[in-house]
Structures are given as structure tokens and as C-alpha cells.
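Only one chain is shown below, in C-alpha cells, and it's the form predicted on its own.
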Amino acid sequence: MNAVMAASPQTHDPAHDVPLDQIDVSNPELWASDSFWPYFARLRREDPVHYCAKSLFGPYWSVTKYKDIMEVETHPEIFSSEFRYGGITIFETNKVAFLPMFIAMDPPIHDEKRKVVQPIVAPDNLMRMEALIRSRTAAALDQLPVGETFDWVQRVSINLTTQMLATLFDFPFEDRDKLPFWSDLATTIPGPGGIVETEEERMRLLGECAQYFGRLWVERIQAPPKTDLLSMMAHDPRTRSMTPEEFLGNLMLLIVGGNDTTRNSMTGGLIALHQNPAEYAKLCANPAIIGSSMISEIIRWQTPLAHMRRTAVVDAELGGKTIKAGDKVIMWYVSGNRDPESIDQPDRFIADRARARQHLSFGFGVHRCVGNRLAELQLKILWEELLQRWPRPGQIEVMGEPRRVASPFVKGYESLPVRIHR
């Protein structure tokens, strides 16, 4: 294993140097440095439902154990996703969080809006898309340089997920690079040196996104119904009369949802196998585990969206704590996926893990990720095609630490240096 690549969770435990009531797991610096693990481990042991009074994003409750997250997920009548209360992320100043979108609505409205886009990931449609996904994946891998270092995130993860997003929207293929930019724009934390420096700049650029899609929307309305996401929404009575705010909100939901989960798992899976060479050897010896367990294990291990937020609409008790109406409740999926009370040996990456689908990365209940099967299919095809070209351990080498996204929401990567050996 490359010496600069340290397996996570980290062995040093700085979390014990901080008073319990001062732990703030939302601090973006912890996510940029991948150093949040010991803080979550301590919270699971000592204070599973933990109140943070002061953070960059205001006060919030952290729910860190699997069973408590499930309790929140299965009671939407108590813990609301409504955009009017701040939606589904910890962010308070991000105006995207307050846009109406179907994931940021409660039943029954949520259920009806969600049904509009569900057909695009129905089993028969996934079967139709499989050959296209495989051909694009093969082409991307065949174009990778052998014997020289390149950025896996750009050449593989972003490349493949952007092509898929363009297909889902029937978006002009020559402009597809706009899609990952808009995705990053929606979830970034503004500041000096970032994608944007102010919230106003973010919303101005997202207005350009809405204008671009608005032109496509008019084209879809005037054309017969098709099977892309825009056409589905344009021709369905439940969504064709959306307000401009709801239109932009649902665009951001579908762009981010169709991009970040798969994109960061494509990178995270390679890192996990690099850090666990015995599991990589196991995979090479038995590629059948790709579909049966390994893809689910990658998604658990990576947890590409670290949290989802709810807002209590009534006073409620959770884990022995009283949560007041109006309180912000953060379900830390990344912590629940490492809870030893619910997942066996959770800090190990096990390529052939039993019950590998038992994870929280896609959420649970009414808000479970609508595109989970498509994400799994893309990842499965990627690893099948990778092993056809480079079937031996060590042929795909991670050359250094990834550069991680400084965000407590998108647990992702900006770059990863990789070299392929013959």
C-alpha cells in the first residue's frame, strides 16, 4: 500500500481532546482532511443523539447510530423534510436548501411528485440503458493512459456520470460539462478561492442553469412525450405547472442526485480496494462478487452523501433526549454505516460482505434514493469492465492522497492520482 494512503478510520483519536458538548462534526475542515471518524466514534459511544449549540451552520442535533437514524427516517410526520423549514441539508445560508423540490416535501405531496420521475429507473428502462452504459464505460477506460499518472476523478468518475446525466435529461451532449459544474455549484460552501465566493454569485449562476433548462423545457412541451426526465415532468399534470422556484429546485435535486452519489462511489471504491489489497486480490480471484456484494459494500464504505437533515415539527424524544419543535436534526449516514451494533466489523472493507445491502447510504423509507438501482448498475459495469482490462491486483495503482471536498454533505473527491500498469 502506498505510504501516503492511510486507511480510515484513523488510529489517532483527537476527539477525546475536545469537550463532548463542543464537538462539531459539521466542521468542513474535518471533511477536507478525512479526520471526522474518531469524533463520530466517540459520539456513538458516549452521546449518540448529540446537541451542537454553535457551528458554521447554526445549532443542530447529530443522530449517529443506525437504529436512531432509522427511527427518524420512519417518522416523517415528526421529522419533516419540508423546504420551508430548511429542507434536507444542514446548510442554513444556502438558498438552494429552501427551494421546493420533491425530496424536500412530506407525504402525500412528496409521494405524488416522486412518481413522475420513477419510470426512468424502472427495471425495464435500466435494461435498455445497460448496453449504452457499458459501451461508454469501455470507451472511457480504453482512452486512459497506461504507464503515466492521471486524475481518476476527471477521466473516469466525472466523465462517466456526466454522460449518464446528459442521457437522463436528453441534454445537449456537447454542453454536458455544464452539468457537473451546476451540481458542484448547488452544494458548495461559498468562500474565497471556492467555486463561488458569495451566495449571490451562486444564485446568479444557477439562474443561468434555469434559463438553459427553460429553453429545453419549452422544446419538450412542444414535442411528443419521450422517456427523459424533462419530458416526463413537462407532460405530467403533477409537474408541468411548476413555479420557477420548484423548477430550479427539482433540477438541482436531479442533477446532484444523479451525479454525486455515483461519481464519488466510483472514486471511493478504488480507494477502498487500494487500502485493502487482500480484498482487491479476493475480487480479482472471484469477479462474481462485484454484483453480489462488492458494489453495495463500496456504497456503504464511501457513503457519498454524509447526511440528510430533518426538522422536528413537534416535541419528540429520541435516544433519551428531548428534541424541540423547530430543531434541526442531522442523520449522519456516514456514522450509522460504521455502527458496530448494527453492522458487523463496520470499519473493515469486506468485498464479499454478507448482507452487504444493509446500509444507509441511500436513505430509508419514503425518501429512499429513487436512483439507487441505476447507481449500482453503473458501478457494477465499471468494475466488470475494469477487471476485463486489468485483471491482476496492483495494475491500477493509487499514487497519492485524494483531494477531498470540504463539505459535511457531499463526501466526495476533487482529484485522485492514479497510474495503470500493463
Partner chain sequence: MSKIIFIDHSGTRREVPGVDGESLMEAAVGNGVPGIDADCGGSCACATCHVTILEPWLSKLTPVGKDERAMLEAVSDPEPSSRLACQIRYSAALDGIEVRTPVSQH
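Computed from a predicted structure; not experimentally measured. Numbering follows the first chain given and starts at 1.
This protein has a second form, the form predicted in complex with its partner chain, left out of what is shown; the following refers to that one.
The contact residue chosen from 278, 139, 221, 122 relative to its partner chain in the predicted complex is 122, the criterion being a non-hydrogen atom within 4.5 angstroms.
Between the options 111, 170, 177, 208, the residue in contact with its partner chain in the predicted complex by a heavy atom within 4.5 angstroms is 111. Although the partner is absent from the chain shown here, 70, 365 and 373 each have a heavy atom within 4.5 Å of its partner chain in the predicted complex.
Its partner chain is not shown here, but in the predicted complex it comes within 4.5 Å of a heavy atom of residue 74. Proximity of residue 292 to its partner chain in the predicted complex: non-hydrogen atoms within 4.5 Å are absent; the residue sits far from the partner. Its partner chain is not drawn, but in the predicted complex it has no heavy atom within 4.5 Å of residue 227. Using a 4.5 Å cutoff between non-hydrogen atoms, residue 146 does not count as a contact of its partner chain in the predicted complex.
For its partner chain in the predicted complex, the listed stretch (46-54, 25-33, 351-359, 383-391) containing residues with heavy atoms inside 4.5 Å is 351-359.
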